[in-house]
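Presented as structure tokens, the chain that follows is alone, the form predicted alone.
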């Protein structure tokens, strides 16, 4: 019997375990398997194979049962995920429905999740900007949160590493506040976008309008062809899954690459309950998993563990990983686990019209748009609020179609719409300040369908966020007016935190183990063989879309972890 027990343990033992298969989990799998580690990737949701499991990707709207719309019943059953811009008939199968995985809201929080192999890498907006040193310096300068233990120089080579593999389109803009990367050719501007950029450059020294940087292959390189990926077709239906691999996802890129090494074991339907801590060895030895189909508890073992379950679920896993040594969650000697949660503030926007360039219009589609990098409080504190915001911009020719008639007349009317002027729009992308009052915790009574405590959210906006919204509206009103745009309308949607899908923190990096969970290598201060490299690890949020930084942090941590393993330090 003893031999059977030994064999059973061997069968469930790996060099590394990765919890989660989304953007950061996929990168952990790629980097660890490439370096020779037998790696188990645990995914709580179903399997989604590239191309094969994209059921709507080649459908025309009229081929869908509800023409792309969701029935009223589904909308009523999903008041939270139903707010997400990407939730519709063609993509609903990639989203967690409200009733499937409940959570507790002490304060309103719209938690958007994708539980399947690839996670939200199938659904993300694909914007990819590097942080600058100014972003890393923010907490030290104004005293909110704790100092980052790393700076731009530490992560810059890893940005390059992941950009080359993922495929990032962009322009070399030479901005100190938004460093250039390893770019594929940029997307084209339309005439009004270019006009707005030129007008802002003429009026302001510090408010460049640039073409967005995005994870789309505009010119495939050998490394992309080796992945089986092709040029982006500009279909703009990315949330259905891309059969061409034109945008970066774990499904199209990192997971197949890891599988080719022969070192990857991917196990879907595996809900992680907790991490196993061995008090005699003083380290984590494995992971407890509940099989989503059988509800059986299974244990898997490894020398190193990467926790990439997505920010709030990573908090949940660590909070639920209790022991005599860590009664308040794995590695939580500091007491900060689950605290200092932050997010991005997308509440505000502005729209208007422009009656120039009436001899021009747009043709085709583009999965990207212009971007206004942060220009407030970058080099010094200059406003009555802390940190700052970036902004998106778009311009489109308005049109009207006559839908009267039948047959050929109707077809001709639809094919030849009456053109109006141009609509112009912008939306805010603001940084929020990590605060101890913004936290997540485990509910003491309520359980999820797997018997795991539900996560409880207490996260809210504050006065700093309100001041930032007001400033964005004032500054964009000034900028749009300077460009000659008319009929301007500012908005504050007062949306709940979370719907922006950039929640971060709770397992923050820092220099001092007394005030942080992770060191400069994304490694738990008090449990050295556990690494966290998803959004939970973020000390602050800055304004950039965060996924590129998660990728770089993951590749950097994996490189360090393997080197430490070889030294027998892990």
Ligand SMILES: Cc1cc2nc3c(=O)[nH]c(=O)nc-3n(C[C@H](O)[C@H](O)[C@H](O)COP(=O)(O)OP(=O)(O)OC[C@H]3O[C@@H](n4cnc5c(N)ncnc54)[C@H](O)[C@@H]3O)c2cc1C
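Numbering follows the first chain given and starts at 1. The structure displayed is predicted, hence computed values, not measured ones.
Another form, the form predicted in complex with this ligand, is not on view; read the next lines as being about it.
In the predicted bound form, at least one heavy atom of residue 118 sits within 4.5 Å of a heavy atom of this ligand. The closest non-hydrogen atom of residue 469 lies beyond 4.5 Å of this ligand in the predicted bound form. In the predicted bound form, this ligand sits within 4.5 Å of a heavy atom belonging to residue 545.
At a distance threshold of 4.5 angstroms between non-hydrogen atoms, residue 502 is in contact with this ligand in the predicted bound form. Only one of 83-91, 198-206, 471-479, 435-443 places residue heavy atoms within 4.5 angstroms of this ligand in the predicted bound form, namely 83-91. Between this ligand and the residues 37, 527, 48, 42, the one pair within 4.5 Å by heavy atoms in the predicted bound form involves 42. Here is the short version: of 496, 313, 78, 426, the single residue with a heavy atom within 4.5 Å of this ligand in the predicted bound form is 313. In the predicted bound form, this ligand lies within 4.5 angstroms of at least one heavy atom of each of the following residues of 104-131: 112, 114, 115, 116, 118, 119, 120, 121, 123, 124, 125, 126, 127, in sequence order.
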